[in-house]
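Next up: just one chain, as structure tokens, the form predicted on its own.
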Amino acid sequence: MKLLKDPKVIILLVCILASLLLIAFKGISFGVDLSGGSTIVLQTETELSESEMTTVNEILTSRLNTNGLSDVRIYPRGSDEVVIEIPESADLDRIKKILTQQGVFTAIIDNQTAYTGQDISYVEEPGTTASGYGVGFKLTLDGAQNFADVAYGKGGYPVELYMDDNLISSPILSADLADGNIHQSQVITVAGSNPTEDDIDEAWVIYTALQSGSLPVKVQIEYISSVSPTLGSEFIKGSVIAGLFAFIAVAAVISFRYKNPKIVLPILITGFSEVLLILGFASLISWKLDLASIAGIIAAVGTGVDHQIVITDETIAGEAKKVTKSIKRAFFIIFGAAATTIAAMLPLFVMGIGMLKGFAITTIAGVLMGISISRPAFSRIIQYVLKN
């Protein structure tokens, strides 16, 4: 068929095939509102600058990654809130402790600071040590030297270990560590050789805080909202049904408008192909689809159908004149409409306003792929159909 040799149609087919392969082999990720999970909103003690908010995000991300949670989404909301989305499988109680720990660590001997969290160069995962269950770590040379100076001759004194001004451990300083020499290896003991679940959680909170460093400000949980996997599945099912009804409604309107299946089918097939392209793009960049993203897909496809109607009308009107000139006029209208849509979405995307960012990304992606891939191909398809 001559149509299948057209470069614009070939590009559309190749992109659809690539999207199908991405969806099949890489899959599509869903946000917590569709897959189940919790959204935790943290309130910072004071308003933060952009760089401070970036630091907070990096530290919180590091803490969650340290605890095996790489599949999380963290983003700022304004200058004093941080939103964290965690999957259903996460231990919510432990995560709450990890997130709200500022992580300011200090060791005191005889009312003198022996070392702080900034003097720690390496932290071991919690486990059984010579003195019980706890967290082993190593000091920097400067930190170990300061510890040696402060601890010298104070064997038998308690080493008071504070985390966020709370005393977490106070082991007795052995005479061996008070000899004035450098001892880089240290231990925070939280329990004996048979720790409870709370002791283990506490050790992991300490380990995480030492590993990631301290937050520049204190944070507290403002609120937590959770969605069960069952409810998430219902949302997905509802979205699919709503999309199906929307597709049927569009088909009915277009059928009433043109009363010709040879015109209606290409419009509907092209619209469906744009859904595949957007889903393939989401899979490629590992974007988690949420309800706002699905709304963005529907908006992008709706815009695409509008543009296809413009192309179709201009093609029909240009049959007796010059089709090329009519198509150019149609694309002038389409590019103008696409530019205004993208301009309207850019503030949501750049400012990253919570879940609305998903709406902006899918809408912009859909419009860009539409004007660069599917609509040029559709113009060739509809010209071919009307000629034959």
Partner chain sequence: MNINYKVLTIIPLILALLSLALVSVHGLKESIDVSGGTEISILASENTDLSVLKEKLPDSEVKISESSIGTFVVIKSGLDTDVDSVRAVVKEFFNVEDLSELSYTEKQIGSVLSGKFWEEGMKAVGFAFIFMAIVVYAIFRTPVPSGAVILAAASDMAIAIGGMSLFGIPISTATIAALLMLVGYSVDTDIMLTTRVLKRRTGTLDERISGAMKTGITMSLTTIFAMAVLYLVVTFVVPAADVLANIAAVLLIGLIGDLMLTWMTNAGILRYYMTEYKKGK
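Numbering follows the first chain given and starts at 1. What you see is a predicted model, and the numbers here were worked out from it, not measured in a lab.
Below, we turn to the form predicted together with its partner chain, even though it does not appear here.
Novice: Tell me, please, which stretch of 273-281, 148-156, 220-228, 105-113 lies within 4.5 angstroms of its partner chain in the predicted bound form when heavy atoms are compared?
Specialist: Every other range fails; the passing one is 220-228.
Novice: Mind checking whether each of A18, S29 and I74 has a heavy atom within 4.5 Å of its partner chain in the predicted bound form?
Specialist: Zero of three within 4.5 Å in the predicted bound form.
Novice: Of I200, L141, L92, L265, which one comes within 4.5 Å of its partner chain in the predicted bound form, counting heavy atoms only?
Specialist: Answer to the contact question: L92.
Novice: Let me know the one among D179, D313, D164, E125 whose heavy atoms come within 4.5 Å of its partner chain in the predicted bound form, would you?
Specialist: Among D179, D313, D164, E125, a heavy atom within 4.5 Å of its partner chain in the predicted bound form occurs only for D313.
Novice: Indicate whether L348 is a 4.5 Å heavy atom neighbour of its partner chain in the predicted bound form.
Specialist: Yes, L348 is a contact residue.
Novice: Taking heavy atoms and a 4.5 Å cut-off, does I172 contact its partner chain in the predicted bound form?
Specialist: No, no contact at 4.5 Å.
Novice: Give a yes/no on whether L356 approaches its partner chain to within 4.5 Å in the predicted bound form, heavy atoms considered.
Specialist: Close contact exists here: in the predicted bound form, L356 approaches its partner chain to within 4.5 Å, heavy atoms only.
Novice: Taking heavy atoms and a 4.5 Å cut-off, does H183 contact its partner chain in the predicted bound form?
Specialist: Flag for H183 set to no.
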